[in-house]
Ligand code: NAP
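The chain below stands alone and is given as structure tokens, in the form predicted alone.
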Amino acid sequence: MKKHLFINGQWQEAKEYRPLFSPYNNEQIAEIAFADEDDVDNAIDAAEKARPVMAKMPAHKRASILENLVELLKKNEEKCVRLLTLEAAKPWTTAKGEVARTIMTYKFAAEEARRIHGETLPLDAAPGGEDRLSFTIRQPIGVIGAITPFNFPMNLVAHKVGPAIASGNTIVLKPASQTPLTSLFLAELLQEAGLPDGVLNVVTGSGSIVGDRLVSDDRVKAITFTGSPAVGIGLRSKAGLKRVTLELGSNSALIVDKGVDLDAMIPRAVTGAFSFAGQVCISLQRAYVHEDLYEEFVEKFVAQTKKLKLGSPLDPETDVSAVISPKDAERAVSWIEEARASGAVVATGGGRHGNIVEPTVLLHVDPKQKVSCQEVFAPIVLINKISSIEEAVFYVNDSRYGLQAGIYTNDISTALKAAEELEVGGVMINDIPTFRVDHMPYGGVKESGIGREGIKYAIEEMTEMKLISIKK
């Protein structure tokens, strides 16, 4: 199937198309338009022309469009799941979970569209501020450039498109090159839901061409990007006075204190490490386990890992399927071998079958190894022994990333002390770092990014606060 660009409510042909291959079996699944600079300019132009339409649209109408989208997504749930399995090799059951979350994200966006408000301010708290009625309002920022990754091609798009529509903005969306099909289907559904032409424009192609045009064009007022730190930092350095939200990398860690009930947490920890082959921003990558429990934890974690079923993403029984590309499979295996050569023990896994990398558990890993200090984005987890929570906190913080962390402990004082000291955007007490629901503030510190997603918080990033003061 040949997929065109979606600009100003129309499917537009591009000068060039490139094949899209399945990550699982390398079969061609589509031909995708490859935009040039003129195509991006046309998309920005369409979004700019639609800007006054959205800015004047009442909140109830914006909410209704998003509610219509929710119903259309429910009606087309199976098609969405199938598209995810094809373009991302996301296992069927995991893909179903993503579609359910996407529906919830747009529900939250519809609700928040009705809740955007300011506050009254007592200016007479300062001398000279008497006899004034003063209040704030929030207004849409304008055209938003949204650049999204391959790992949650529906839900991470929803975290940008949902709040943008809810707050009355227009969007130029650049989906990941490997996963454009769900974004193009979203454009169809939003058109059916009643979104005016030009409000959402989907431009597929090279990240450097599309991203550079979005960042350099003065009509684009904000960039919201999820992806690698290198690209995100590059975007921010070129963005000037544009508003920029960056959701970048992570090597999320879990701390396990002594005295914890392992049987209750091991299945959840294994899911957090290997769901979607570890290609999750908050995937559990590092576990620091108290020496009293270390041997038992490793034994139970490895046993649970060995139960995972590898195979086709279309099989509902599959737990782990292919990583996104052959290059990523090669990289993952090479990192495992590097760790092994430096003294790490491979407790299970380490092999590769086509683009499927076996779920791999590494022990006694040197903190300087790539599998520890970089983002693996593959089904690899390390489990290291610690003698105290203070030691574990040191290891977690000894990282250029800081997205989310988890700690299992029975001691509330230990939990709160760790929560205060961990240098991350979110701390999950008695849970894995991979926990996220879609209305919570989500984002990191250090090279994990700037700004927060979660619909209410994204709307704050996508609107300008204006003060209005009336002298009585």
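None of the values given here were measured: they were computed from a predicted structure. From 1 onward, residues are counted along the sequence shown.
Below, we refer to the form predicted together with the ligand, which is not included among the displayed structures.
Enquirer: So, in the predicted bound form, is residue 332 in contact with the ligand at a 4.5 angstroms heavy atom limit?
Expert: No.
Enquirer: Determine whether any heavy atom of residue 442 comes within 4.5 Å of a heavy atom of the ligand in the predicted bound form, and answer yes or no.
Expert: Result yes; residue 442 sits at the interface with the ligand in the predicted bound form.
Enquirer: Residue 207: heavy atom within 4.5 Å of the ligand in the predicted bound form?
Expert: Yes, residue 207 lies within 4.5 Å of the ligand in the predicted bound form.
Enquirer: Does any part of residue 399 reach within 4.5 Å of the ligand in the predicted bound form? Heavy atoms only, please.
Expert: No, residue 399 is distant from the partner.
Enquirer: What is the one choice in 305, 372, 384, 151 with a heavy atom within 4.5 Å of the ligand in the predicted bound form?
Expert: Exactly one listed residue reaches within 4.5 Å, namely 151.
Enquirer: Looking at 275, 226, 182, 85, which is the one with a non-hydrogen atom within 4.5 Å of the ligand in the predicted bound form?
Expert: Only one listed residue qualifies here, and that residue is 226.
Enquirer: Please name which of the stretches 312 to 320, 70 to 78, 255 to 263, 231 to 239 has residues with heavy atoms lying within 4.5 Å of the ligand in the predicted bound form.
Expert: Within 4.5 Å of the partner lies stretch 231 to 239.
Enquirer: For the stretch 145 to 176, return the residues whose heavy atoms include at least one within 4.5 Å of the ligand in the predicted bound form, in the order they occur.
Expert: Heavy-atom contacts to the ligand in the predicted bound form: 147, 148, 149, 150, 151, 156, 174, 175, 176.
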